[in-house]
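Only one chain is included here, represented as structure tokens and corresponding to the form predicted on its own.
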């Protein structure tokens, strides 16, 4: 279970953008988090991905509390979560070929010997052809780069996926392809999904249930 309990978070303790929010995702479940831009849902997603320490509240992974964040988090917790952001060009090193971008998590965890096999396995599953793997971010489209970012998120076989506006900048065909790739992975592994977005139709079709940010942060929800 991925559990966010009474999370308060932001970038200024005097003015948090997330206040006392509780949300959970069960193994194998897909949960949509629906809300307008700027409401704080991406900050909550970063907390869930162990990328932002909350000011208050608790994050639990299978009942174990998270006590450290980012690179200080234990490897077992850090690698249990894969995350895809909205803007691939802000989350990709422009100097790397796509094959090296995808392989980053394996190299970071000292598993270089698995790189060739895993990249060859994942690339076709997200729609990347061999010729694209040798290109750098400026040589591919946003959709192709986001496919590589999704492959990178799946590389370590995470048990939880967090897709933060993953398809917001993409056309309909690329959106459908990436959602299909995520669902194929979840079907094969039983991974849970937190999909953050503002497209109610997409989240409604994609997820088992959709949670409205407005209701999640209402006084009644807090009580």
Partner chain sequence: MTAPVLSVRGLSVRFLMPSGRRIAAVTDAHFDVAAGECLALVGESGCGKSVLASALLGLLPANAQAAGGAYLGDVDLLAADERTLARTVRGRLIGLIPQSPAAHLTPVRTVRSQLEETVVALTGTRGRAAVRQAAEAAAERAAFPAGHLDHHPHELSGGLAQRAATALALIGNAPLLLADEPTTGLDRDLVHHTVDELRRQVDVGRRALLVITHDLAAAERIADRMAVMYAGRIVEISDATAFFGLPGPRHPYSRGLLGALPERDFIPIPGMPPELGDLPDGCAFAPRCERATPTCTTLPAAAAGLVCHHPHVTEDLRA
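Numbering follows the first chain given and starts at 1. Every value quoted in this text rests on a predicted model; they were computed, and no experiment measured them.
The same protein has a further form, the form predicted together with its partner chain, not shown here; the description that follows concerns it.
Site residues 37, 147 and 168 are all in contact with its partner chain in the predicted complex, judged by any heavy atom within 4.5 Å.
Proximity to its partner chain in the predicted complex, taken as heavy atoms within 4.5 Å, picks out 177-185 from the listed stretches 63-71, 47-55, 154-162, 177-185. Contact check for residue 127: a non-hydrogen atom falls within 4.5 Å of its partner chain in the predicted complex. For residue 199, a non-hydrogen atom is located within 4.5 Å of its partner chain in the predicted complex, even though that partner is not displayed. Proximity of residue 142 to its partner chain in the predicted complex falls within the 4.5 Å heavy atom cutoff. Among heavy atoms of residue 26, none comes within 4.5 Å of its partner chain in the predicted complex. A heavy atom within 4.5 Å of its partner chain in the predicted complex is found for one listed residue only; from 205, 215, 13, 209, this is 205.
The contact residue chosen from 80, 132, 96, 115 relative to its partner chain in the predicted complex is 132, the criterion being a non-hydrogen atom within 4.5 angstroms.
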